[in-house]
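What follows is a single chain, given as structure tokens, in the form predicted alone.
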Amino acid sequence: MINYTENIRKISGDLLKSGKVDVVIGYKKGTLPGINEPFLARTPEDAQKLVWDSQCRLNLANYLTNRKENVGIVAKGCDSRNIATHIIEHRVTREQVTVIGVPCTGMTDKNKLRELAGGEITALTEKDGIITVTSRHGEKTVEKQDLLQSNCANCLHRNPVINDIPCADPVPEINTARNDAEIKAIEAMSPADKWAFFEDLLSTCTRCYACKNACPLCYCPTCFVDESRPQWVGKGDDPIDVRTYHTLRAFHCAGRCTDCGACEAACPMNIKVRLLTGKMEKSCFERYGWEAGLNTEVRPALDTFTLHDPEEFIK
């Protein structure tokens, strides 16, 4: 994937030079090795700062919300599906957006990289599917496939579903069915074990809202955590408030989440918040055969009603 950078820079520069778009949303190298940053290129010169490799974890659709100008956006499979949701939910119009499609072979897990390095990473290189990290302990090399985020290892849509200007040929899809093994294991627990599991899972949450801020779906004008009349959830780190926050946020994402992994990538406490949104998406798929963001014509499962909807919850 690192070879995509030159193509992305050329496409972006041409779009900006021609005036077709006013800004291109992409990535630039971060200040630390292994972490790329979202970047808004507004001139052809800016476009030469754009990069692409396996450290582009955050979902760029998060920077598309409510923009008024014409926008180019670099998008892998999950990003493009969130762009579709933005269009469906009228956050942007289809005519505004030019998608620079990036076939994706997965992003590396920041925690696996740190574990491999044995400490702070001082340098990171990627070539031909091989990652090399350097730390004070020396240099270590491993195949990228062994360092993937769990959502990337199980990805069903590696190629963009909206793809106006492809930067490369499509990559083969490697998964054909959902892998819900971890969620099914939790579903099989007793109520007491489930309570203990989630109590432990969320015990380190500091309510920093990094997961919410990184999520491309969290664009309500006023978030429920900020409401004061009425106040739905307290502002502190009381365990009840923490559980309420994460549960309500997961329900708000139900039928809309593309499992992009941005929430977990942003979490400073390494909490597996995808287990909550993953349960919602599993239920939507089982009940409605629904996967989020596969086209721009059909609204999310919990945003529609038909006479054939399952009603077993009615007693």
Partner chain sequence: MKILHIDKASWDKGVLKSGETYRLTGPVKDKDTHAFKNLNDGELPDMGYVETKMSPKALLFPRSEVMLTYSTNPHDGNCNIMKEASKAYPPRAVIGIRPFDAKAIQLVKLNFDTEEYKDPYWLKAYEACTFVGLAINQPSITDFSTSCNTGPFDETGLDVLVVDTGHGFLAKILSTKGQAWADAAGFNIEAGADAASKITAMKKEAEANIVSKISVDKIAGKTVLELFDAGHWEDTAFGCINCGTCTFACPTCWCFDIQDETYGTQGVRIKNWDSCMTGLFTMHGSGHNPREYPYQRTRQRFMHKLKYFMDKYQEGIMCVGCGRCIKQCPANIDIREICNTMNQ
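From a predicted model like this one, the values you see are computed outputs, not experimental measurements. Positions refer to the first chain, counted from 1.
Keep in mind that the form predicted together with the partner chain is missing from the display, and what follows is about it.
The partner is not drawn, yet in the predicted complex one stretch among 159-167, 146-154, 86-94, 237-245 has residues with heavy atoms inside 4.5 Å of the partner chain: 237-245. Put simply, residue 173 is far from the partner chain in the predicted complex: not one heavy atom of it is within 4.5 Å. Interface membership of residue 231, defined by any non-hydrogen atom within 4.5 Å of the partner chain in the predicted complex, is confirmed. Within this chain, residue 141 is remote from the site of the partner chain in the predicted complex, having no heavy atom within 4.5 Å.
The closest non-hydrogen atom of residue 204 lies within 4.5 Å of the partner chain in the predicted complex.
In terms of contact with the partner chain in the predicted complex, the residue from 99, 214, 124, 116 that brings a heavy atom within 4.5 Å is 214.
The candidate spot formed by 103, 135 and 259 lies out of contact with the partner chain in the predicted complex, as no residue has a heavy atom within 4.5 Å of it. Although the partner chain is not shown here, in the predicted complex the stretch 63-86 places heavy atoms of 63, 67 within 4.5 Å of it, in sequence order.
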